[in-house]
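Just one chain is shown here, as structure tokens, and it is the form predicted alone.
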Amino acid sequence: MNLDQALKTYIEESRELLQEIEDGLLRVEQEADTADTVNAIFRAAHTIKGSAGLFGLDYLVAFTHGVESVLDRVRDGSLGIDAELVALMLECRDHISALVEHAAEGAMTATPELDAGGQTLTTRLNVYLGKQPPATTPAAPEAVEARVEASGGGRVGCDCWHISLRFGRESLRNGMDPLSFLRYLATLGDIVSIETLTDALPAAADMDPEQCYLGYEIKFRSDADKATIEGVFEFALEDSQIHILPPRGRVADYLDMIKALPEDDLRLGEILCRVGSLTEHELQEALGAQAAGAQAEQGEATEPAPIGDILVGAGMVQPELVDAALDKQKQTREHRAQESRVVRVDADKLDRLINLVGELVIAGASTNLIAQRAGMADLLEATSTLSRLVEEVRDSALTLRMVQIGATFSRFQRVVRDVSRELGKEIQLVITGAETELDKTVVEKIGDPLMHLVRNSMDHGIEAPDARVARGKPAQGTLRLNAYHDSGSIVIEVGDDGGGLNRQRILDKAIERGIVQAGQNLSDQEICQLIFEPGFSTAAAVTNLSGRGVGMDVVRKNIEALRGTIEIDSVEGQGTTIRIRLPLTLAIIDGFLVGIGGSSFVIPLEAVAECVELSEADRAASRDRHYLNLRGEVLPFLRLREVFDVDGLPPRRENVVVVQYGKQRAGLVVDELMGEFQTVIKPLGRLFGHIRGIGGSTILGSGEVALILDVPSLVQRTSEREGRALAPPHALSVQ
């Protein structure tokens, strides 16, 4: 992997980690036990910072380090987390996101604007860091010397580094003064206590004044890392025994850092060195001991002792750190095994694959048609097998583009939190159906319409806390996002338990604006759907969120561009649910081919309920009415020959294709039923975009163009013509 690819991977992973940070920060306010969530946020920030250092993104490292420091204080319990701190952390998350996007452009330095924004946030972060007890000023050498000389031992139960020193016997003869090392150590922090060890001290008669017999057990408070502390004793490492164990809090840090390490193939010693719990000198010493121990007394090779046992036995690291490193190795192996089955694919390449599969479907249909005309049994069998395989390839390719809608829903956690605070309302977001899958292209295009609907529900739908209490409702309002599959479509619902739509107010405003005529008879649903008219708004005042009437009509246009519809279910005083119904995919569908005169049309197969023949009695009666009796059910129908003004007389035998959209049913009268057809959807040009009842086009095997019928539009047309609803009000579609 070259540098550009590695950076691109880092950017993608950072975006995912930033989403994890945002989700965690939004959860932490609602959780009683926040330890796991805070640890997860810390690990995500630490991973972003650590990986940024690999690419020389110092500006990203510097800012994220401050965020990490505050989170560290939250983790160790020295700083409580509240709404104000969560708000600051969310702002910091947004700034890190801006820095990541800046890095995605290849910039190695931050812009002045980013620097200024980061400095402002860092100043606010320092307020929280400034609440720490001030660092102890390093003691003067004379004070250290007095403490060393006066030390009578005694361990102090504090969270400090523990340094065990056993100077070599020849230290004094080699010109080294043990006290000088302790003076230098004091410049890095505070020596809390020293216990002088005299267990190696011989009888007075046997003492050599040029040899060192003393050892020290030191409690040392410092922010320095292990390698820096070990560096104090650099000149005594060869002939002395020096063991440095981190404080309890630092052990917890090491454990978290081990968990946050990238899934690299590292050995146990390398993992411990990477996080700083083991120094390179200690590792080499342990490896030497391992190699020496592998030789038996007679010189025969034996199985070497595990390096972890050697490190623990020598007092170089704690057992829990070795266990954590071994767990990390196991996770890495499992991750790599899983990673070998997962490949990241560029979205453009995936789109190209779908286009090629679409062309393959068209070519397969052409081959099948030629085989039918040739009448060769062997060729027909071969093309039948080819068609089956092409269909499987098509389904597999479309599955690659299916993604869960949960990621889109999760974006609104932050929106609901920020907007509710801005409005002074208490609103909780309830998400269901997050695992529902739909086409990636649909997911990308549904975000903005959903944003309009969510903001509208919070601004217009959910009342202020005092108003809700006065109406006997909980002070906290509820906003619901739900998704599910229904009849080959995906349904997305945005609901609230607010005041509902005031139909009389909507009607009065529509009459005032000339959208409808005074005295015009409209159903409740037709009145509700006036909110989607351009420029329509009932807001008493314009706010930053709504009131200008430029949102809801855009929502409808965007949904219709996706071949979808919008339905409204509202009860005044109880709430509103806006239901968006969309196709699962915008590329290739199963269709049902029908003929009218010399033209061919495709009906989406998921909308087809059944096909029946139009009897002579129904044909005769249809001169006076446009509905028939289908097993006791009144079924309105449309003659597509009349709808699309197809020339010629209908055949003696006509058929009715019963279609269903949501809870609505209607019949489409056609001349000929031509069977199922794999349909590659081709968009119509702008010139034909206004034609009602047509949702696109496709190319048949013969090379002819067939139009794809827009079933929701045709079903609603039957309702409008009969002047009566086909289903309960909440199932009415907007077109």
Partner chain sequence: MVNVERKGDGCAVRIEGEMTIYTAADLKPALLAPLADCRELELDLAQVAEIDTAGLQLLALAKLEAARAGGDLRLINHSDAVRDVLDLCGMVGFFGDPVVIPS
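The term rigid core refers to the most C-alpha atoms you can superpose between the two forms while keeping them within 1.5 Å. Residue numbers count along the first chain shown, from 1. Being a predicted model, the structure only gives us computed values, none of them experimental.
Absent from the display: the form predicted together with its partner chain. The rest refers to it.
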Would all three of R183, T198 and Y213 be in contact with its partner chain in the predicted bound form, where contact means some heavy atom lies within 4.5 Å? yes
Considering only heavy atoms, tell me if A377 and its partner chain come within 4.5 Å of each other in the predicted bound form. no
Just checking whether P202 would be counted as a contact of its partner chain in the predicted bound form - the rule being heavy atoms within 4.5 angstroms. yes
Does P465 reach its partner chain in the predicted bound form if we count a contact as any heavy atom within 4.5 Å? no
Is L179 close enough to its partner chain in the predicted bound form to count, meaning some heavy atom within 4.5 Å? yes
Since exactly one of A224, A475, A609, L172 fits, which has a heavy atom within 4.5 Å of its partner chain in the predicted bound form? L172
Counting any non-hydrogen atom inside 4.5 Å, which residue from I194, V494, I490, I588 sits next to its partner chain in the predicted bound form? I194
So if I measure heavy atom distances to its partner chain in the predicted bound form, which of the stretches 83-91, 409-417, 202-210, 428-436 falls within 4.5 Å? 202-210
Of 367-404, which residues get within 4.5 Å of its partner chain in the predicted bound form if you count heavy atoms? none
Threshold 2 Å Cα movement between the shown form and the other one at P209, rigid core reference: yes
Look at E610 and decide if its Cα position differs by 2 Å or more between the shown form and the other one after superposing on the rigid core. no
Using a rigid core superposition, assess whether T436 undergoes a CA shift of 2 Å or more between the shown form and the other one. no
